[in-house]
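In structure tokens, the next block holds one chain alone, the form predicted on its own.
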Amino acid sequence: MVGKNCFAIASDRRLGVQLQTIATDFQRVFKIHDKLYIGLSGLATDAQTLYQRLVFRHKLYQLREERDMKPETFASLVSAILYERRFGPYFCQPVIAGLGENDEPFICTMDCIGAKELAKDFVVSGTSSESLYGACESMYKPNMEPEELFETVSQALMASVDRDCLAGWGGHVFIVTPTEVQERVVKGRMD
């Protein structure tokens, strides 16, 4: 979800195989650089493999270009990597969030073969996406400050994962501004 020169990216903490819970502190949001993050919902092993490939590609880009990747460029890279594996895809739905030029927030999501969906307000993915759309649509306001954005994202996340038995156990919320990154853990239902 985007705010005024900032963005928030959040995920729940449950790792499970269907109805069986494996871990309750699983990290799905990964840092690419200080102003660019990616959230990977889906199969955990594919998410970790895809993240390692993306870090490798970003480091090669840094060596060649001597700068960090812009969020738009990174989204195209992720889309290309996913599309090249379209016949045996990574079972992941990436959410890309970053601050571009002039600290403008950029958010994007895609399906498992790399079809991009750009938005100006919020994007969602994962098992709770239907209830997340409703919660985000009702709570979102444009130009929120970082603290208000954190409250909105946290409330939307908790409201939607409480309606989904395959998600939960709290959440990780990252608030990224041009000067700092705040990572917070939100407590939720433990059942």
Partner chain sequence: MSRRGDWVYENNGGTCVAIAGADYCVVAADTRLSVGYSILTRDHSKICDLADKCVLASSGFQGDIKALHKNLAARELLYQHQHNKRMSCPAMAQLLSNTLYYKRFFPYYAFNVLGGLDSEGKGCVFTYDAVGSYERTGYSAQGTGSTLIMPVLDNQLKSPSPLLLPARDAVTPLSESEAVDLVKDVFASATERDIYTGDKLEIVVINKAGTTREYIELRKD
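Numbering follows the first chain given and starts at 1. As the structure is a prediction and not an experimental result, all values here were calculated from the model.
Here the subject shifts to the form predicted in complex with the partner chain, a form of this protein not shown in this document.
Partner contact region in the predicted bound form: 125-133, out of 39-47, 52-60, 65-73, 125-133, criterion any non-hydrogen atom within 4.5 Å of the partner chain. In the predicted bound form, the partner chain sits beyond 4.5 Å of every heavy atom of Glu147. In the predicted bound form, Gln155 approaches the partner chain with a heavy atom inside 4.5 Å. Not displayed here, the partner chain is kept clear of Asp34 by more than 4.5 Å at the level of heavy atoms in the predicted bound form. Using a 4.5 Å cutoff between non-hydrogen atoms, Lys141 does not count as a contact of the partner chain in the predicted bound form. Residues are counted as partner-facing when one of their heavy atoms sits within 4.5 Å of the partner chain in the predicted bound form; in 148-176 these are Gln155, Ala159, Ser160, Arg163, in sequence order.
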